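What follows is a single chain, given as structure tokens, in the form predicted alone.
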Amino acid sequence: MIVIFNADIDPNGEEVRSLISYIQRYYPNIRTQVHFVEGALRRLTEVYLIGPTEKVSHEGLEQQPGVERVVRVSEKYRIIARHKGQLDPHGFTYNGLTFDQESLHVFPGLCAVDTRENVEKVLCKLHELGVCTARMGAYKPRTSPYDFQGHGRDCLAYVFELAGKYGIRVVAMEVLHENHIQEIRDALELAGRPTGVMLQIGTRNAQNFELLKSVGQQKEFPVLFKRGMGITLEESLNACEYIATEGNRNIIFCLRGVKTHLSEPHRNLVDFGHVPVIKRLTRLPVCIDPSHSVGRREYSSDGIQDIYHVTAQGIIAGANMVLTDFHPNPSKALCDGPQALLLEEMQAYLQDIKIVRDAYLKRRELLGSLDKYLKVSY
């Protein structure tokens, strides 16, 4: 069960202490966890009741001081779930940007940082086009031990310096080990914190539970969690729950395609039809990664690349973030060059995203009002 207090109730206040005392007195077998949710629109305190809650009085809880409502848990992932629509989505604000189920941010950039020159070219182009978010891979897990593993902390200083120079407010960056979090923190501090960082959990680490706990225990950086390439959706959502239970609820769920023999000729089977599913089941914003889903620059008969098409599929379904690979010279990229778009394509790519986003908003206005009518009429 989840007990939700009225907005702005102090998690250390008298109302919360009174509820916990009530639980301890009448239901000694129930454990309590207090969670403070600082969303984009309001601040909420939620208390989770863990244990045999079948006999806990719903009405008794609702009558406690400051309680707004009580929700019966319907999924294994307690914190991130909507529980059949009984809980509102909660976004978060980081470095002046709001991430929630209503927003849309595009993170173009290098899958793997190779040279300072290429970082500057990409960030300069983003600044020119008015984009203030980027992806920059410093630590790269690779299938072969002989492939480029990323420059790691050696590139952090100039990535953050250049991000500040070109007005980039958030850089999405994968971490492979808890030590990388401290390396990023130290490099940001030395650079004077010119930008913000979103820690990315890659698909290979989707069930690295110790790493998930580590990114959850720190609340400084939000987390972009990529769905595991070969695990179920529920397993991936429970992995996000690991992060949330450690205290960090600023999580974005990323769909990046799943590995299957049915994916050819794409790198992975595109799973962007799950965008509305994630938004229905959870309170998390949803990201799509068309680059790693498609994995190659191929044109359809209509003259449009597959990466553009699947990007549109995710956005028309309501995606809140797009993670896309760009490179000044993909043929010389040290990682995933075949899927990287050219800098010269970036403006058209962003314009196409705007067209599709506008269409999504019009669809929602049309079909959302129709749905309300049908519910009333039938």
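Worth saying up front: this structure is predicted, and the values here are computed from it rather than measured. For every residue, the number given is its place in the sequence shown, counted from 1.
Beyond what is shown, the protein has a form predicted in complex with a small molecule; the following relates to that form.
**Student:** For the spot marked by 95, 171 and 193, is every residue within 4.5 Å of the small molecule in the model of the complex through some heavy atom?
**Tutor:** The answer is no; none of 95, 171 and 193 reaches the small molecule.
**Student:** Ok, 150, 108, 202, 222: which has a heavy atom sitting within 4.5 Å of the small molecule in the model of the complex?
**Tutor:** Looking at 150, 108, 202, 222 one by one, just 202 meets the 4.5 Å heavy-atom criterion.
**Student:** With the small molecule left out of view, which of 82, 297, 140, 266 would have a heavy atom within 4.5 Å of it in the model of the complex?
**Tutor:** Residue within 4.5 Å of the partner: 140.
**Student:** Considering the small molecule in the model of the complex, find the one stretch among 120-128, 289-297, 235-243, 155-163 with heavy atoms no farther than 4.5 Å from it.
**Tutor:** It is the stretch 289-297.
**Student:** My question is simply whether residue 249 lines the interface with the small molecule in the model of the complex - judged by any non-hydrogen atom within 4.5 Å.
**Tutor:** The answer is no: residue 249 has no heavy atom within 4.5 Å of the small molecule.
**Student:** Is residue 256 close enough to the small molecule in the model of the complex to count, meaning some heavy atom within 4.5 Å?
**Tutor:** Residue 256: yes, in contact with the small molecule in the model of the complex.
**Student:** Classify residue 283 as contacting or not contacting the small molecule in the model of the complex by the rule of any non-hydrogen atom within 4.5 angstroms, answering yes or no.
**Tutor:** It does not: once the small molecule is placed as it appears in the model of the complex, residue 283 has no heavy atom within 4.5 Å of it.
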